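The chain below stands alone, shown as structure tokens; this is the form predicted on its own.
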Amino acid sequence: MTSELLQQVRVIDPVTGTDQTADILIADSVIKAVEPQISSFPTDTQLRNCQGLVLGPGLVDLYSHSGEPGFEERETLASLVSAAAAGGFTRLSILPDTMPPVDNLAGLALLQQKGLGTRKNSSSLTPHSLPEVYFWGALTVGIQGQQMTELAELAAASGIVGFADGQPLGNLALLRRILEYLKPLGKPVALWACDRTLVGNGAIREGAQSLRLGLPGNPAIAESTALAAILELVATIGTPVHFMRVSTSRGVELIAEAKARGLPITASTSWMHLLLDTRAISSYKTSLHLEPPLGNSCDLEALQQGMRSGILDAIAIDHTPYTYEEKTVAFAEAPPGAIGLELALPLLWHNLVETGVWSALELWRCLSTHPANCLRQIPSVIANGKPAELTLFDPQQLWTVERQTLHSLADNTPWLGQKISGRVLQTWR
């Protein structure tokens, strides 16, 4: 039996609502003891002084993108999993927009086979344990997405965590049929509320800053009108829905009103929308071209408050890798998206926890237990006899975000070249 003792580590457990300093004894991937001080342990136990470090349940990512198969130059499954592990994630959910997409059993089998190969060749990831990888099945098939996939067939397959296209579904008649069909299958369905006809060629949230920067605006109503329509479908049909990428203050209001009415919904926003608003785009860095776009200052405040109050349930990473060549174009022409698996925890901790905007428990809850709940999974808990699904984090460790220091193949992030504080030291799974 191999065992290790983490001494005087700050233990954050959102399930029990505790934030305390304690000793943790781990043996054979099981938590054996959580006590203020542990003096009795096996003779071969590895002792580790963890003063100043933070230990919490493993982080859970609701949705991110893999380049492989189809776009391996952006990201391989191996590099994606490695980046997730280095960022503290013990569960990773991948959207179906690969090539081929996960819209049939053959596409799923291909991804699972590649994922298995990644696990077999993962010895270099120590001390990080590999995250458990799940796949979202596609809701629709075809270029225009005008036909349902074989939802029941995919739902019965191992490894399918739920259904999501990762793109807006504008055909409400089709969406109605999908929600009716999915209701008895018991799988999560994630939808992005966005009206593409209202977005047009918008590249930045519409407002004073878009005019100042001379960039085409994406109006907030592109989100709110689509969100209102989907909420009406949910109210009528009753199928539980998770709303991805909520990005506007009006979106937060609509979610709050729907929850007050008792609709079976959950919602998430991406980590970057909790840190930045349109003012950051004055740099014209193409890694700030996101979809949905960064909000105005009122949106940023509403998202932060909505997440803290529980109107929004979880923080998603929405890791979207692109090559240097793809992003080295004019801002509005760059493909939208940025990486984040290795950056989210340190930057959220530094900007929200250390500044007192959120408590450590609030942040960890939104990155671990609540995403697991949205996926209808059992959250990890730090208690005697429980599996050791854990993340050890040093909030004070300084490092520079560079190509050489990232596990991801992509480096499309506005923090490239900057020194940041906070790094994950180890994960257990």
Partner chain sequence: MATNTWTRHHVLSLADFTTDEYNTVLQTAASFSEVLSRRTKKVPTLQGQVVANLFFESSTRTRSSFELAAKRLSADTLNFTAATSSLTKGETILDTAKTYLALGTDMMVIRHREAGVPQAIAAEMDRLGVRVGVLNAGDGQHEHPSQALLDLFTICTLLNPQQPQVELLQGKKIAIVGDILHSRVARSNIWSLTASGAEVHLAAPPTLLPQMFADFGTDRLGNTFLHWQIEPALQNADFVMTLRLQKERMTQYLLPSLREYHQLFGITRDRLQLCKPNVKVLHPGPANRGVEISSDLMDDPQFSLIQAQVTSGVAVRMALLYLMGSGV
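Residue numbers count along the first chain shown, from 1. In this text the structure is predicted, and so the values were computed from the model without any measurement.
This next part talks about the form predicted in complex with the partner chain, which is not shown.
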property: Contact residue in the predicted complex, chosen from D277, E75, D103, E206 - any heavy atom within 4.5 Å of the partner chain; result: E206
property: In the predicted complex, the residue from G238, G186, G310, G214 that sits within 4.5 Å of the partner chain by heavy atoms; result: G214
property: Non-hydrogen atom contact T355 with the partner chain in the predicted complex at 4.5 angstroms; result: no
property: Partner proximity in the predicted complex: T328 to the partner chain, non-hydrogen atom cutoff 4.5 Å; result: yes
property: 4.5 angstroms heavy atom contact with the partner chain in the predicted complex for E153; result: no
property: Contact test in the predicted complex: E333 vs the partner chain, heavy atoms, 4.5 Å; result: yes
property: Contact segment among 214-222, 230-238, 158-166, 129-137, judged by heavy atoms lying within 4.5 Å of the partner chain in the predicted complex; result: 214-222
property: Residues within 4.5 Å of the partner chain in the predicted complex, restricted to 275-294 and counted by heavy atom; result: Y284
